[in-house]
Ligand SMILES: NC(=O)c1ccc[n+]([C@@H]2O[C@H](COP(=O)([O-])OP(=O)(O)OC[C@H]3O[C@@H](n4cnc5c(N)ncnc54)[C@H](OP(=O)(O)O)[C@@H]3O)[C@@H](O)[C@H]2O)c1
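To begin, one chain is listed below as structure tokens, in the form predicted alone.
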């Protein structure tokens, strides 16, 4: 396993980490024994970077991670995310007020069975709370020894630049895979310039590029891929055809399809590590081999040539109803029916249905009229 330094920290992280969204139940139920075995197998194989969030399974993923690493805490670079409490209906919200963040860290420490968190990340920008307030609360927690370093997640260029004007970070966790390459435009260059580590999440696009799905695949109750547009219709069929074009190259390289995809991600300039999820120890065993080395430039070019020729339809817009609007410190804010607050264009009013890009979280700038 290859290890890299995360941004301006002293954290050395495995280039293949372990994301725990699946362990929290996002793709269907996972038994605790199976989840514990998966995490412990990852540690056995040299994965030292475990990433979770307080909202995965509404705290369940953190509890399982805490149990799994309790006797091996010194082997783990432990990362979690907060600022996304859930309401009485179980809906995830984004609230980064100082008091909320301080309470969230204390709760995460209890669930994780530890007295410090190596990397604490703001999971989503809160458009109603000044970044200065959140950054100050995190600095207080850092000085108290409860968190070692601060990171962000899902902060795109404008939000990232605004944060950097008031607070320091060592990392930004962003979506990155064959179909979601938005960060190559501005985020990767900005993070490289500012020495900020980039943690790539959904590198396998929720298992799409693990190569196990077929046109007849069904997603059961509790599996949020059932509502994700890339897993529907022609976009899904095109993705599966791309996978078949990639298989011969993976075999030529002596890799599984998942290993090819993960090695491509960690080989991209500016990416520090990737955090694929896993529900079984066998999935971890397959993933870790991708971290043995990076692709050479000519190998990356061959993969990119196949991606460019495939011209896969990227489908990621979803209709969202706006239930309330208000003014925030950085512009107009809309509260979506799902519970999340986002920045919205001036034309948006309560009651309208907008199209949200579920990768960037941004709302379309036109009302379609």
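The shown structure was predicted, so the numbers you read here are calculated from the model rather than taken from an experiment. Positions refer to the first chain, counted from 1.
Keep in mind that the form predicted in complex with the named molecule is missing from the display, and what follows is about it.
Interface residue among 236, 201, 163, 178 relative to the named molecule in the predicted complex, by the heavy atom within 4.5 Å criterion: 201.
This chain appears without its partner; in the predicted complex, the one residue of 93, 134, 153, 230 with a heavy atom within 4.5 Å of the named molecule is 153. Contact check for residue 159: every heavy atom lies farther than 4.5 Å from the named molecule in the predicted complex. Using a 4.5 Å cutoff between non-hydrogen atoms, residue 108 does not count as a contact of the named molecule in the predicted complex.
Although the partner is absent here, residue 212 sits close enough that one of its heavy atoms falls within 4.5 Å of the named molecule in the predicted complex.
Although the partner is absent here, residue 263 is not a contact residue: none of its heavy atoms lies within 4.5 angstroms of the named molecule in the predicted complex. Heavy atoms of every residue among 51, 206 and 275 are located within 4.5 Å of the named molecule in the predicted complex. You can rule out all but one of 245 to 253, 295 to 303, 277 to 285, 70 to 78: in the predicted complex, only 277 to 285 has residues with a heavy atom within 4.5 Å of the named molecule. Of the residues in 2 to 38, those that come within 4.5 Å of the named molecule in the predicted complex through at least one heavy atom are, in sequence order, 19, 20, 21, 22, 27.
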